[in-house]
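The form predicted on its own is given below as one chain in structure tokens.
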């Protein structure tokens, strides 16, 4: 499974308006779903954030949940030009957000595999200081693809 193959240009926003965590999550969810389904997902994600921030540190957050509002695993990516407070584990603000929504019944447990893959890629992005490098969704997908290839070569 390649993370880059799960990404869609329409669901990558590299110029999210900086604001509160909820507003950023809302904007990313609305790139996937609209209306009542979106509101249900947002509510679920915010409840998940109350349990503990999905800000993993070094400027990256991975809000995620399971929801009946989706039929398959969905991913949206956002980047803010000005970092926002996400109550991350390292107490630093966040610029890059990977949002994952998966159905409760998830064949092959793709949800956890995808979450793990994003964590691996996030480490590479921060280690190489690449958060602000891609200028277009196409460049972002290409960067993720290149990083995945690099990880496979090391195995």
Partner chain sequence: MNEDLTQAHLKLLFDLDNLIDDMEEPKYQKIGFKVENEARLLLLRKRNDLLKKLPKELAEIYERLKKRYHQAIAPVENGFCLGCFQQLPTQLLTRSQEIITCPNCGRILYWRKK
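If you're wondering where the values come from, they're calculated on a predicted model, not measured in any experiment. Numbering follows the first chain given and starts at 1.
The same protein also has a form predicted together with the partner chain, omitted here; what follows describes it.
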| property | result |
| --- | --- |
| 95, 67, 88, 31 - the one with a heavy atom within 4.5 Å of the partner chain in the predicted complex | 67 |
| Whether 4, 7 and 81 all lie within 4.5 angstroms of the partner chain in the predicted complex by heavy atom | no |
| The partner chain contact at residue 27 in the predicted complex, heavy atom, 4.5 Å | no |
| In the predicted complex, residue 62 touching the partner chain (heavy atom, 4.5 Å) | yes |
| Contact label in the predicted complex: residue 109 to the partner chain, heavy atom within 4.5 Å | yes |
| Residue 56, heavy atom within 4.5 angstroms of the partner chain in the predicted complex | yes |
| Contact set, 92-116 vs the partner chain in the predicted complex - heavy atom within 4.5 angstroms | 104, 105, 109, 111, 112, 115, 116 |
